[in-house]
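A single chain, nothing else alongside it, follows as structure tokens in the form predicted on its own.
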């Protein structure tokens, strides 16, 4: 991707990763971008870098605009290697003595990634850096989503460099929200669900903090995906909604199966939920990636998890998903377990205990069926569905 202008003398100079399909266990079917930005002013600044493998592309993009040695300083909003991986190459090219601005935690973390003795300038929350015609105000955003994270805000343009907030793992021909429209929102939702959901309380506090400070935002430039220039409030409002995790009349039935018995139970539960006016979605864990399932979990009011018993335990794909979900800490859900078994039948109990540990409201008892569900087993599934439906918000 070639560089492009975001505002006068502010350029995107990052890289597109068209072929990445997995990002730390999160499926990225349409690739991603590593966004880096160049501000040309009396002091010229590079904001963030790119993954190490794309260093040549970053340097080439900068060189098409200016001699890289004209860069006076670098700002690192986030230490993670998809944004700092090219720092060594950049600093070597522009001059090792050039100032490297970051948060106080950023200095600590960068020095543990890179042995070079760079000219670190650790900024404080609210500190302002004057570039010339423009000035940058720094906002510490600790644990959104790393301890070192911060925002850089160009006051004169009301332009927010938001690091890993408000992004999407998406690589396409579009550069801005007005070029892609509604099609970007599923990518933004998936990104939030799989990366930021566990920090929901902090996100709500941050939005309130920016609002109370009267910060005007005309453009948001995240470190992944498209820029928000037409309606940045759309993604901010979406983050507030997703962070609130208000329960809805939606249920996700998440399961795996061995000889289709647990699948038959899942389909019966879905049928029962639909009869009660609940939007119900079955998700077979070998047909849906864990990161897509979590995206549906984000705005669901109910989770119903099913597994056959295998070797006195949970089926491996179900165990994988439960571990993944526990780390992301979804909240405000009702939950239940179901499953088929042959002779021991521990899976339902184990799933229920795991759901309890995540502080969901458990709908007891779960449903266990030995071997193939008969009419009474299917009736139990329908009864479970009715009890779950009654625990969800009423239909509007």
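Numbering follows the first chain given and starts at 1. The structure displayed is predicted, hence computed values, not measured ones.
Below: the form predicted together with a small molecule, not depicted.
Within this chain, residue 346 lines the site of the small molecule in the predicted bound form, having a heavy atom no more than 4.5 Å away. With a 4.5 Å cutoff on heavy atoms, residue 308 counts as touching the small molecule in the predicted bound form. In the predicted bound form, no heavy atom of residue 49 sits within 4.5 Å of the small molecule. Residue contact with the small molecule in the predicted bound form: residue 243 places no heavy atom within 4.5 Å of it. Stretch-level contact analysis of 160-168, 140-148, 308-316, 227-235 against the small molecule in the predicted bound form, using heavy atoms and a 4.5 Å limit, identifies 308-316. 260 is the sole member of 284, 260, 113, 205 with a non-hydrogen atom lying within 4.5 angstroms of the small molecule in the predicted bound form.
The partner is absent here, but in the predicted bound form a heavy atom of 341, alone among 360, 26, 54, 341, sits within 4.5 Å of the small molecule.
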